[in-house]
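The chain below stands alone, shown as structure tokens; this is the form predicted on its own.
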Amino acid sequence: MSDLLGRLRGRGWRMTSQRRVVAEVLDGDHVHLTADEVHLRAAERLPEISRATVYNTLGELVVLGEVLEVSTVGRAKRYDPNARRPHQHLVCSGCGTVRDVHPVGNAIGDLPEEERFGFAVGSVEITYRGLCPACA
């Protein structure tokens, strides 16, 4: 059973065949699929699944905090099932490939107090951009 499926079962999330296939498609360490890509892969396993069901399921997973919605400038949103391990993203400016990265250090702690402007900083999202080997 995938990590995502296990977490969802642990929460008591009603596991319909459509929800299950969406969760299975999202399984993996560096999976960052668009909703259309999720629908395409889900339809290979469950031909009757609708695009609306995929979008609704992804929306529910984001609200539950089980999947992260990753926005990249000028491209479709991508969905990241790695919501439990703190990480940042490395995005190819050419093809849009997204990879999880785990930089060392403490991004919140590294922000000087005078640069916080009184904010109580609770989280950080850093996106590294560059060209992947295929686009370089």
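Note that the structure is predicted; figures quoted are calculated from it, not measured. Position 1 is the first residue in the sequence shown; the rest follow in order. The term rigid core refers to the most C-alpha atoms you can superpose between the two forms while keeping them within 1.5 Å.
One more form of this protein, predicted in complex with the DNA, exists but is not displayed; see below.
Q: Considering non-hydrogen atoms and a 4.5 Å limit, which listed residue (Leu68, Val38, Val31, Ile49) is close to the DNA in the predicted bound form?
A: It is Ile49 that has a heavy atom within 4.5 Å of the partner.
Q: Can Gln18 be called a contact residue for the DNA in the predicted bound form at 4.5 Å between heavy atoms?
A: Yes, Gln18 is a contact residue.
Q: Is His87 close enough to touch the DNA in the predicted bound form, meaning at least one heavy atom pair within 4.5 Å?
A: Flag for His87 set to no.
Q: How about Arg99: is it within 4.5 Å of the DNA in the predicted bound form, going by heavy atoms?
A: No - in the predicted bound form, heavy atoms of Arg99 and the DNA never come within 4.5 Å of each other.
Q: I'd like to know whether Cys95 contacts the DNA in the predicted bound form, with contact meaning heavy atoms within 4.5 angstroms.
A: Judged by the heavy-atom cut-off of 4.5 Å, Cys95 is well away from the DNA in the predicted bound form.
Q: What residues of 68 to 91, in sequence order, lie within 4.5 Å of the DNA in the predicted bound form by heavy atom?
A: Going through 68 to 91 in order - heavy atoms within 4.5 Å of the DNA in the predicted bound form - the hits are Ala76, Lys77.
Q: Is Ile126 displaced by at least 2 Å at its C-alpha between the shown form and the other one when the rigid core is overlaid?
A: Shift of 2 Å or more: no.
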